[in-house]
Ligand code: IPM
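One chain comes next, on its own, written as structure tokens: the form predicted alone.
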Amino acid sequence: MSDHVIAVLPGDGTGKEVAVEAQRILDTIQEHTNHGFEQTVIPCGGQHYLATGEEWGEGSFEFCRDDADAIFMGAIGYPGAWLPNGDLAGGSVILGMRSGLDLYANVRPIRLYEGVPHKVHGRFTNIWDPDMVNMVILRENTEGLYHSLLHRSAQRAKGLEGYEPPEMEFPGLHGEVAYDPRPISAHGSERLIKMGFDICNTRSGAPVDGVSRVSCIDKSNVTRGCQLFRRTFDTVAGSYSNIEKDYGYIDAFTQWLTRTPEFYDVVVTSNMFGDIATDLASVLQGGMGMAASGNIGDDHAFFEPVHGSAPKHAGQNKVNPIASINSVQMMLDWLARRSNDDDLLEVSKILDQSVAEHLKDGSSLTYDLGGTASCTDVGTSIASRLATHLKER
């Protein structure tokens, strides 16, 4: 029996609904394998703040840091829930963990499953062979334009005063000026880029040609931070002679990403550029309801769908839980590799297989994929397939 302590943070809105389906998957694995999951549910988010005056309970950050082997989050964000300083209530949960736990890599797989219509050339059309969309984008997660907000959130998560950047002058500007510094460090870039190359070594190469390739996406023709990021990329790449280097500016990349996604294997980029590019890339995999992610550091990790709390859909049991289920799959993969647990790694692959079979079957899809199934329907269906495969091992 291998036991793992999992902190489950349902959050707000539809996050609570998809978290139930994530827990259903963990329960199914526990029932049919020797892997146990002690799940500790932690109320948090904007709605919790409005009800209690706190974004999450005292000691929650410390539990995630000191006791949890991994963390799953549903979504954060509730209408009208703002802190006195103007920050989003609940932000210190997600952003505080990214900074406070030093989760420097936001890892987002972009994969089109068979049977899933992407959204580029029409709502329900398949222009590409599904195998032609299969990449991973790594976004630096602790620096860049989010740096000040991340540090404010980390301080609040620890019960301390928030951080504010120093005052600056901007010659030639008049009236009120608001700004966000964009610090990019060689250390922060190096560890993110190195993870990208290491992940590339575990994959089968770009769909179009099978070449193992890492693409550096920046704006190094304009900004100094990106120039440092690219120089660091070249330095790291020197240790991976088996992997091809590729370069692109972010504005051009947004065109190439949707025009020729089959060229990309692994992509590394800075914080804000990665935030925008991965949301754009989600249309290649069928929308945000399919988009999983991991926030990963050297010692900790938390996993979450990237679709947000979607308040207008909350309470209707209609949203797609597959992004959450795929986030659980990423979590199992991370736990397995961290502990050298080959059996848990196999279970993570069986979960991915179960999702793929469910989507290929196409009889139980949520509204965003053209179906009428509920969130519970989809979660139950995938859990049932998973149980069958686990029992057949």
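If you're wondering where the values come from, they're calculated on a predicted model, not measured in any experiment. Start at 1 with the first residue shown and count on from there.
Although it is not shown, the form predicted in complex with ligand IPM is what the next lines describe.
Proximity to ligand IPM in the predicted bound form holds for all of 88, 108 and 275, with the criterion being a heavy atom within 4.5 Å.
With the partner left out here, ligand IPM still marks one of 94-102, 246-254, 210-218, 232-240 in the predicted bound form; by a 4.5 Å heavy atom cut-off that stretch is 94-102. Among the residues 197, 146, 113, 263, the one placing a heavy atom within 4.5 Å of ligand IPM in the predicted bound form is 146.
For residue 118, no non-hydrogen atom is located within 4.5 Å of ligand IPM in the predicted bound form, even though that partner is not displayed. Looking at residue 152, you'd find every heavy atom of it more than 4.5 angstroms from ligand IPM in the predicted bound form.
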